[in-house]
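First, one chain by itself: the form predicted alone, in structure tokens.
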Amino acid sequence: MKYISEFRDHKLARKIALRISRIARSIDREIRLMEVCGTHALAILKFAIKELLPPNINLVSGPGCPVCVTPNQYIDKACIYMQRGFLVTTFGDMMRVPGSQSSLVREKSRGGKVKIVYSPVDALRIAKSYPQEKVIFLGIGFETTAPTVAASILMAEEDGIKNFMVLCGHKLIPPAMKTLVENKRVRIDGFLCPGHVSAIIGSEAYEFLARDYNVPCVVTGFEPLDILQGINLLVSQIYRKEAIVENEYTRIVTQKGNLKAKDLMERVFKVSDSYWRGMGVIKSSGLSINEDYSRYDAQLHYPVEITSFKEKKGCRCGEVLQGLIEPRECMLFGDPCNPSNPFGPCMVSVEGVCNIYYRFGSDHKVEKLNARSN
């Protein structure tokens, strides 16, 4: 299959892995590399990438799942809007994410109005078809989805649709990466930068990490050979004691990124501080709707104040998202927390690290049993 099988050549994968091992043997310490994308985490476990690497290379997962980093108070607000009779539209993986007291799927069972959509344009069509409804789209995600939400707001403006609003919860990846490298509890020797996000913001967005923090960065794709080559480039930089930004994913990502998409974001949004699950408020790490398009800001016109919120007791999603622990170190993992009975968002979303470990880490039941016996 052209453009797929070429990136899954096991012989070439072995060659790259052997090169990585030769270099890693010359580095007499643990090498911690963080992937900042849920799709990377999925590919690493699905294709058993870790099994090809030497023992001193430790791949850790970061806050690469947009659903997972969305805090409970955002879910709480969405539930309150449903309780107040608004028609909430959302991507499907938000439905079962638990908030402090409820979830979207639970509010639906109580008579709340919610529709799953595949894009914000679908939400716009719903608003146009049901002018009597106040339609709110849950605008979450990183720089990958933000341009499409910006485009839907511009389309609503052009078509004069007045019953469409967005509850804006978009987040920006580079400021979160900066927070991680500044956190002394999280030791990161190099970043596998997210391919989807980088297609929008370009590889230049990570240059400050290499320049100011001496952390190597490599933008990679999502196939096994992409990831292995990304690791190879990172380990080579570490061996040479240098820190630069390299782009392995040149078939998709450019240095400047998608200029049209970035222009859409700049027209509709402004940069703001944002709360990340497990990481707290990160300065200039979010997007909010600017004054020119404030009529589409649900929170502005129908304010909901959340005075307190809480996490599920025992849930360690916040630590998982920072790479401080692996999912299997959480005592809830697998039993009772699993995709059918999620205690936290990392077990809900298919890009959530806990969900990925549950599906592709076949030994989780054994490790859970061992943890209990200790």
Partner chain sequence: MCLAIPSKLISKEGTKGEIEIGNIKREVNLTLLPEVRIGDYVLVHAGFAISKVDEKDVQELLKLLSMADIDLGCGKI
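These numbers were taken from a predicted model, which means no experiment stands behind them. Numbering follows the first chain given and starts at 1.
One more form of this protein exists, namely the form predicted in complex with the partner chain; it is left out here, but the text below deals with it.
Asks: Which one, 73-81, 287-295, 171-179, 236-244, holds residues whose non-hydrogen atoms are within 4.5 Å of the partner chain in the model of the complex?
Replies: Heavy-atom contact with the partner occurs in 236-244.
Asks: Could you tell me if all three of 32, 33 and 304 have a heavy atom no more than 4.5 Å from the partner chain in the model of the complex?
Replies: Judged in the model of the complex, none of 32, 33 and 304 sits within 4.5 Å of the partner chain.
Asks: Can you work out which of 209, 87, 127, 151 has a heavy atom no more than 4.5 Å from the partner chain in the model of the complex?
Replies: Looking at 209, 87, 127, 151 one by one, just 151 meets the 4.5 Å heavy-atom criterion.
Asks: Which one of 147, 216, 202, 112 is close to the partner chain in the model of the complex, taking close to mean a heavy atom within 4.5 Å?
Replies: The residue in contact is 147.
Asks: Taking any heavy atom pair closer than or equal to 4.5 Å as contact, tell me whether residue 276 reaches the partner chain in the model of the complex.
Replies: Residue 276: no, not in contact with the partner chain in the model of the complex.
Asks: Could you tell me if residue 185 has a non-hydrogen atom within 4.5 Å of the partner chain in the model of the complex?
Replies: No, residue 185 stays farther than 4.5 Å from the partner chain in the model of the complex.
Asks: Any chance residue 190 has a heavy atom within 4.5 Å of the partner chain in the model of the complex?
Replies: Because no heavy atom of residue 190 falls inside 4.5 Å of the partner chain in the model of the complex, the answer is no.
Asks: Quick one: does residue 39 come within 4.5 Å of the partner chain in the model of the complex, counting heavy atoms only?
Replies: Yes.
Asks: May I ask you to list the residues of 240-262 that have any heavy atom within 4.5 angstroms of the partner chain in the model of the complex, in sequence order?
Replies: The stretch 240-262, when checked against the partner chain in the model of the complex, contributes 240, 248, 249, 250, 251, 252, 258, 260, 261 at the 4.5 Å heavy-atom cut-off.
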